[in-house]
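As structure tokens, the next two blocks hold two forms of the same chain, structure 1 and structure 2.
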Structure 1
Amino acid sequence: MVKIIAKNISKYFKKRNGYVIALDDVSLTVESGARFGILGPSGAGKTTFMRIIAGLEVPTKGELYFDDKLVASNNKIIVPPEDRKIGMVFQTWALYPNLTAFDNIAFPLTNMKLSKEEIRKRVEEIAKILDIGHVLDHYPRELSGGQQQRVALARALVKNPSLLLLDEPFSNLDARMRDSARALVKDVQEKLGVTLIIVSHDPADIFSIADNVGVLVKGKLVQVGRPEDVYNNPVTIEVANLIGEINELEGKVTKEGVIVGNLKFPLDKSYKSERVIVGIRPEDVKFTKDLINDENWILVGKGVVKVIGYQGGMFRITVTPLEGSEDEEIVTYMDHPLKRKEEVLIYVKKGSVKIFET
């Protein structure tokens, strides 16, 4: 398996009036056999970064190593994509529409001078692992989305790559299929031990597959870490938002705490700026009518129920502070509904409030 080292990689695209910066000085190491996720909003340069690793794009500046071998540097491809031992699943899967599933999966092997029996054996082996043995004589258009995705995965894995790249591989699947597809990818990766890099804008992909995640925002790698750590200690409100739902409130720093309307959030340290953004995950908020006698939960003030929704067996409750701007909203999920316009007490979990300087 292979260790990927990116050193100060930048990518500029030429546009009519100047340059567009797609990647800005990205440095990153992915250990051999690791599962690494790249999270970012659309247009952040995720796909560009993955294409540079694959060799489909050349970095304008910086160097890319596979183990200690330089594969691309400063506008030059040194090792072409076909020699990098990469399996890639494209966002659109990019199956060859004129070939059957079998021929699709066999395609990389036909470029390797293997005997027909050897090719058949290896295709059937991988098809069995991915449970597509019964559709090998079908054309891609005759397959369901999930089957197409598994054919694409089989095609990427059949050549025993050192590195598996997944570019938003689940975005074309319906929600029900996604979980099993994610589990499958993780299982297969564990079985084969291949280094894996997955690009996604969906934190669920990252949490279910990756051990480490790098967050790209506007071409910059802003945070790298374990997904839980990034979730709990995001460096900016943008990162916090990318990796999971979060309540965003604009507050004012005072000696007693951060003030948002009539709400007062505790301060853990002092901040330079006066205006800050308070971030709280929905699971760290409770709305009640009565006082809670638990020192883990801190009362921050009173609010009014604004919207009640129902989602996945839970009630999604939106509350605004009793006083102050109507635009400030706090959301949480509860197992029982509240009444609209009802006054409630807002509690937050101790140590869960994230404060971001603007």
Structure 2
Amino acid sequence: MVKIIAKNISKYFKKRNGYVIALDDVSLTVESGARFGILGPSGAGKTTFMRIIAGLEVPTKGELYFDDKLVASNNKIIVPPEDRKIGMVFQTWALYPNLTAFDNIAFPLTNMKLSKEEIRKRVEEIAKILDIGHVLDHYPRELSGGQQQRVALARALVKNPSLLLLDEPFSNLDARMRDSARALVKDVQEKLGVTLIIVSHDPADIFSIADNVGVLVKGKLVQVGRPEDVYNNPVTIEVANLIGEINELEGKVTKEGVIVGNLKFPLDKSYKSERVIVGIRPEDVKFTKDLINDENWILVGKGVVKVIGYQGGMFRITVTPLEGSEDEEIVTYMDHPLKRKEEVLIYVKKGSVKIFET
């Protein structure tokens, strides 16, 4: 296990007519033995940050520590990648097609020039943990996607690393297999005690594995916290969208509340901006034809059913305000359908409305 400390790390890439800032003054601490997620859109700097931790990139500015040991600083690699005790799993898994699963897993140990007996012992131990002992003599083309992913994970763990880095590790798996793969990674991490950092654009990866998450947007670390805290209290609408689905409405601040068409949302404090973004999670919305006698739900107005969809055993209902732009839409999920174009009452859960200044 190792503690990772990043201090004011920036990374610039040269371009023909200047520089591109991939990371901008990122400071972060990942505690020893922790499971930490890095979430962000494409191009946010997630993989660049992971490559700096791995030693595959050098920070243009700033310092990187493993525990109290400086490993990189201001365009200098102080501790090379091979000496950082890191295991990495890439999005593509990068298995050698001409090697068996056993030889793929053993590859880093062979480079370390360990004895054949020690190599076999370590490979069989990690294969038992990952339940792939029965496919060690198979080639990658003979393995399922899930088995290939386990082989890649085994290859990363067989060196007994202090730090495991996962870069979009489940992207090549179908939706059905991702849940079991996430559970496997978490179980293995808990068993081995290794510090784990996972980079992903998928919030499901973060919620399933990470105890804490850092959100990168355009190279800046904009929020750090427990996944559920970031979900419930995002600092911007962009972060809100990254961590989960959210309804996004343009509103006007008045003394009575935030007005969106004929809808009126409650205010919990004053705002400097007159124009704001109202954010509401789908689970914090109810559409009904009858009044709700529950103080935890607030009636904000009426709407018209626009679209009825179906996914995951639930009906996805889209409603527009009775008055105002049809571009303003509110979505929730229900266990029964509504009729298109019928009027409904729109309720929101008390304390759930998020207001973002523009």
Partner chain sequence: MRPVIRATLHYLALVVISAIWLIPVYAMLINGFKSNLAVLSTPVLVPPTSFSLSAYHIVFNALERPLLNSLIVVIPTALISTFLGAMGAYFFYTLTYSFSKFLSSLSDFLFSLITLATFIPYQATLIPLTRLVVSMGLLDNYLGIMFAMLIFYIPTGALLMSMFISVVPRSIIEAAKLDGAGDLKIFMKLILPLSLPGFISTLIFIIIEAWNNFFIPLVLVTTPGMRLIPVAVESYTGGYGTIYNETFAAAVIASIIPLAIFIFLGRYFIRGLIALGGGGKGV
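Basically, rigid core = biggest C-alpha set you can superpose within 1.5 Å across the two forms. Shifts are known only where both forms have a C-alpha. Structure 1 provides the reference sequence; residues are numbered from 1 along it. Not measured: the values here are computed from a predicted model.
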Structure number of the form predicted alone: 2
Core-superposed comparison between the two structures, runs of at least 3 residues with CA shifts of 2 Å or more: 96 to 98, 111 to 114
